[in-house]
Structure formats: C-alpha cells, structure tokens
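The chain below stands alone and is given in structure tokens; this is the form predicted on its own.
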C-alpha cells in the first residue's frame, strides 16, 4: 500500500483543502504529508476491495447491484457504506 497520508486517517480533521488538525497531537498538519505509523485508516473507496479504478481519480463499485455499476471516487468516504470491505 502507498504511504498513508493524514487525509486518509480517522485521526485527522480538515480545516481547509491543504491543512487540518492531527486529533491525537492537536497540531496543524498538511493533508498530504505522511501520517505517523499506527494511525487508523479512514474507510474510503480506494481502500475497498470492491473498488475498481476505471480512469484517473474515478472508478466503479463492483459490489453494486445496479447496471451500469455506480461511479465511485477513490477519496470518497465509505464510513456508512454497507458494501465496504477492507483489502
């Protein structure tokens, strides 16, 4: 797996597009910087085994019962998705 960035963890609260707060240290951090080891992964489509990337920054959910499969974005949060499965 790629490096885990702050914006991909549950331990991050966004302030704006580029920065947010590390919820464990209460420090302001850049969203795209590497998160420390041990931070919890935020369930997102790009971390789901049902996600299939079809183009840059877009894909489909292979668990969808609809035809055609519904569009999913890699950074879409999947906290409440019933079809989310970890890789």
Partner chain sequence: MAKTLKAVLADAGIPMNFQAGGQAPDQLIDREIQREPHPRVQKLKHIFMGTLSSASNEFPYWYTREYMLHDNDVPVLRRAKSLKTAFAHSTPVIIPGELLTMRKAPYFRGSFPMPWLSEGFYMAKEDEFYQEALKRGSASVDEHSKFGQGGGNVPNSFGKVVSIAGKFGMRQEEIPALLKLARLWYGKSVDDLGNRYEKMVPGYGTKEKIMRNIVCMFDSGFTLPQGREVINYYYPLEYGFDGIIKIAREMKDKVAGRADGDGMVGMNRLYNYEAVIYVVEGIQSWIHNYAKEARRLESLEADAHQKTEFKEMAERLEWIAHNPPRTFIEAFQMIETVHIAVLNEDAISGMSPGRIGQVLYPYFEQDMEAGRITEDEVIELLELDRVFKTSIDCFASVGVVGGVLSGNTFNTVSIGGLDKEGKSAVNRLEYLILEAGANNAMPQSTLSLLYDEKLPEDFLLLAMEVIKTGAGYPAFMSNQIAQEFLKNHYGHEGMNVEDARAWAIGGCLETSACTWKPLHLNGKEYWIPGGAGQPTSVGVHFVSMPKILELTLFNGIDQKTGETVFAPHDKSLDTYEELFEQFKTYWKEAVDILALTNNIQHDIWRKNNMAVFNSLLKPDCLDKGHLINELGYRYNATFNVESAGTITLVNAMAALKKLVYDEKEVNLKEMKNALKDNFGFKTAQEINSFSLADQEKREDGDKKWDKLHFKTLQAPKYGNDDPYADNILLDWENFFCPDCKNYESLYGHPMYPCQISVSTHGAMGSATIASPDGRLAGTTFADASMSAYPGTDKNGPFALLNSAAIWDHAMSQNSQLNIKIHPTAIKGVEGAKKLLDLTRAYMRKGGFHIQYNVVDSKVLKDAQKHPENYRDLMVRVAGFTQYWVEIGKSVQDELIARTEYEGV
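Numbering follows the first chain given and starts at 1. Here the structure is a predicted model, which means the values were calculated and not measured.
What follows is about the form predicted in complex with the partner chain, which we do not show.
Does at least one non-hydrogen atom of residue 26 fall within 4.5 angstroms of the partner chain in the predicted bound form? Yes, residue 26 is a contact residue.
My question is simply whether residue 35 lines the interface with the partner chain in the predicted bound form - judged by any non-hydrogen atom within 4.5 Å. Residue 35: no contact with the partner chain in the predicted bound form.
Using a 4.5 Å heavy atom cut-off, state whether residue 4 contacts the partner chain in the predicted bound form. Looking in the predicted bound form, residue contacts with the partner chain do not include residue 4, since no heavy atom lies within 4.5 Å.
Please run the contact check for residue 61 against the partner chain in the predicted bound form: heavy atoms, 4.5 angstroms, yes or no? Contact check for residue 61: yes, within 4.5 Å of the partner chain in the predicted bound form.
So which bits of 6 to 26 sit within 4.5 Å of the partner chain in the predicted bound form, heavy atoms only? Counting only heavy atoms within 4.5 Å of the partner chain in the predicted bound form, the contacting residues of 6 to 26 are 7, 10, 11, 13, 14, 15, 16, 17, 18, 19, 21, 23, 26.
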